[in-house]
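Just the one chain here, the form predicted alone, laid out as structure tokens.
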Amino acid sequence: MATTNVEPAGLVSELGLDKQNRASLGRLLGHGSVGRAEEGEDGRMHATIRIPPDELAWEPAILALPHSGDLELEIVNDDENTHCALLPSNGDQQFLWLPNFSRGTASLKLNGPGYYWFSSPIGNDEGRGLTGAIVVMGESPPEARLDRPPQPRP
């Protein structure tokens, strides 16, 4: 098995897999950059995610939040194709329709730390790699932790 020190996004680009319809494989997993939400004076977090032209990827594909709470998320579709965003929000979902060269805003509430997945479920966008994650940093509140005895460790 060959290994490489090239970053995943660079390797996919080098192989020509980062353009729509260049290869049958396309993008299996989103592998764009990692971004951070900024916290405003009102305590709400703000971030922008783009869909670059002809890449079928979110930029950033991974959005990190410093803690749980409210997020104002702007999504910009710079692509020549229509996409959408199916976003998590406290166990529910929000949907944004994103015609080509458009933008939309979603207000999300993510109350706990963890990974929250988002995607564009129209056409075969998910299958071609238009998936991403919002990562909420922090510890679970004490009331949410399991009350169980210590588990044996190998």
Partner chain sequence: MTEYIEAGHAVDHGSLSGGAGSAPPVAQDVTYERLLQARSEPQNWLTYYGAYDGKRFSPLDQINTENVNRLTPAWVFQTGAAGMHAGPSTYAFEAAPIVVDGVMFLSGWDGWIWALDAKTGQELWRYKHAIPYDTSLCCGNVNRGVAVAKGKVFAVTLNAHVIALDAETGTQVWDRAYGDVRAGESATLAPLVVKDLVVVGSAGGEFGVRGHLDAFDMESGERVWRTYTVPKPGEPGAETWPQDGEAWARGGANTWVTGTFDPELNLMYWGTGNPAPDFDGGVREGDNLYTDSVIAVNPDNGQIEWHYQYNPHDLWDYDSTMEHILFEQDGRKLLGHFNKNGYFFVLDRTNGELVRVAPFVDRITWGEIDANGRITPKVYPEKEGEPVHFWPGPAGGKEWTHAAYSPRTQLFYVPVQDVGAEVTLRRREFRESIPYWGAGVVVDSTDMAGSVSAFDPSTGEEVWRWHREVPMCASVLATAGDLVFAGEPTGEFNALDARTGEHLWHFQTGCGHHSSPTTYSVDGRQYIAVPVGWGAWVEGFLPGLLGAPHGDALFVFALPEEA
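Just so you know, these numbers come straight off a predicted model, no measurement behind them. Numbering follows the first chain given and starts at 1.
Heads up, the form predicted in complex with its partner chain isn't pictured, but that's what we're talking about next.
Novice: Taking its partner chain in the model of the complex, would G91, N111 and D147 all count as contacting it (heavy atom within 4.5 Å)?
Specialist: Checked in the model of the complex: all three residues contact its partner chain.
Novice: Within a 4.5 Å heavy atom cut-off, is I62 in contact with its partner chain in the model of the complex?
Specialist: Result no; I62 lies far from its partner chain in the model of the complex.
Novice: I'd like to check something about P99: if you look in the model of the complex, is any of its heavy atoms closer than or equal to 4.5 Å to a heavy atom of its partner chain?
Specialist: Because a heavy atom of P99 falls inside 4.5 Å of its partner chain in the model of the complex, the answer is yes.
Novice: Counting only non-hydrogen atoms and a 4.5 angstroms cut-off, does H46 reach its partner chain in the model of the complex?
Specialist: Answer no; every heavy atom of H46 is more than 4.5 Å from its partner chain in the model of the complex.
Novice: Is G104 close to its partner chain in the model of the complex, meaning a heavy atom pair under 4.5 Å apart or at it?
Specialist: Yes, contact at 4.5 Å.
Novice: Though its partner chain is not shown, can you say which of E126, D70, D54, E39 has a heavy atom within 4.5 Å of it in the model of the complex?
Specialist: For this set of options, the contacting one is E126.
Novice: Note whether the distance between the C-alpha atoms of M137 and P149 decreases (closer) or increases (farther) in the model of the complex, against the displayed form; the change is 3 Å or more.
Specialist: It is closer: in the model of the complex, the C-alpha atoms of M137 and P149 lie at least 3 Å nearer than they do here.
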